[in-house]
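First, one chain by itself in structure tokens, the form predicted on its own.
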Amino acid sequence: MKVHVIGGGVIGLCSAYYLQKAGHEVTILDKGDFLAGCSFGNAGMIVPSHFVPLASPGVIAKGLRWMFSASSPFYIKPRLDLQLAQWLWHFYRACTPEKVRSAMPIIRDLNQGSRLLYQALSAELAVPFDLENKGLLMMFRTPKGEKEEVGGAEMANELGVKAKVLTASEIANLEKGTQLQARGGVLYPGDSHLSPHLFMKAMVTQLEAAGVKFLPKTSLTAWETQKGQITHLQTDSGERIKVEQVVLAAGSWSQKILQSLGITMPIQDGKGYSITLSSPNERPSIPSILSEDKVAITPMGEDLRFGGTLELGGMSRKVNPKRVQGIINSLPQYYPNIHLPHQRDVDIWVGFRPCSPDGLPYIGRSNQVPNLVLAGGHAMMGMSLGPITGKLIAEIISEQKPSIDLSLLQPERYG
């Protein structure tokens, strides 16, 4: 079967990979050149530890407090935007204990399934991508942060995700790459990490060798439909592409692309920043997240990447220097010996994480357009959930029973 994948990020490439393995003829379209995007500059973490959805009790109150801090990890740009208002309303309705309890097992299963697939991919792909299984440290420096993370560890162990609470001295004995100062932390030994840019290049190399067709710098401008099915894709080059099955994996742009089909799939761009230090003077060996500051630290080869923030800013690529400085300022509180350059002396990467209101991705076949399969809304876990999403998309296209229950992930659950 011929399948056209719209979107060349990690979700699109993984979908193409498993579709090709299933025997389908695959073409990938992307408005870029497959050499940049949100999948290239992220933290590269594979996180079974992250089983609590973005929409959870207490998040709204915390978010309101953060709104009044120029360097906080969360910000919503005030604007008259109906889609943003609708997204926030759905987000509010999702922040209940009942909905969180129902969401946690599926997020856990998706992340654990993806981690196993990454292990297989490390052997299958011709190009290495620095996959390491060293776990993840959630570190805290305040009593409040300790309470939150210890509570999270208790939930994790109840859910079957291994978590171990560590004292400051235990963390120091574990992390030999640099000096650390923290009140304590939680180690999630089942997490992994990789170098995202290497993984993306490895996937492109593998797919090209397998005969997958790439259409770079190609934007979808219109759908052609007949009897409720997509028949052709119109592109900005004037090309009219005949299609059989279509997978939409266009990240934060998905909602806009779907409007002309009358499909509602709420997504907001969660802009984030990252900075990569080349060969820093000291480098942690274990990835970590600084709990109070929501900053991720990942060793990648000889380099060190750190990043964070979540801005709902209407797809603006403008860098907010105060929020970047908030990320930079958080590091010395934990890693006193790492030499950090001034903000003006580093390249700041900007990427948009596609966020659904309930913190669950959209994965499934459209109810309105039967030959359209949707994959999006993975927020900060796009890299973590790439392989399992691709495998599920291939199962859907191949009309096989999905290996994970997708009932909570139905793409048109909002209308």
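Start at 1 and count along the sequence shown; that's the residue number. Bear in mind the structure is a predicted one, so any value in this text is a computation, not a measurement.
Just so you know, the form predicted in complex with a small molecule exists too; it's not on screen, but the next bit is about it.
Q: Of these, Pro354, Pro48, Gly390, Pro361, which has a heavy atom no more than 4.5 Å from the small molecule in the predicted bound form?
A: Checked against the cut-off, the match is Pro354.
Q: Have a look at Phe140, Trp253, Phe74, Phe129 for me and say which one sits with a heavy atom within 4.5 Å of the small molecule in the predicted bound form.
A: Among Phe140, Trp253, Phe74, Phe129, a heavy atom within 4.5 Å of the small molecule in the predicted bound form occurs only for Trp253.
Q: Heavy atoms, 4.5 Å, the small molecule in the predicted bound form: which of 361-369, 52-60, 343-351, 66-74 makes the cut? Say which one.
A: Heavy-atom contact with the partner occurs in 343-351.
Q: Is the gap between Ser219 and the small molecule in the predicted bound form 4.5 Å or less for some heavy atom pair?
A: Within the cut-off, so yes.
Q: Evaluate Trp87 for contact with the small molecule in the predicted bound form, applying a 4.5 angstroms cut-off between non-hydrogen atoms, and reply yes or no.
A: Although the small molecule is absent here, Trp87 would stay clear of it in the predicted bound form, with no heavy atoms inside 4.5 Å.
Q: With heavy atoms only and a cut-off of 4.5 Å, decide whether Pro411 touches the small molecule in the predicted bound form.
A: No, no contact at 4.5 Å.
Q: Does any heavy atom of Val10 come within 4.5 Å of a heavy atom of the small molecule in the predicted bound form?
A: Yes - in the predicted bound form, heavy atoms of Val10 and the small molecule come within 4.5 Å of each other.
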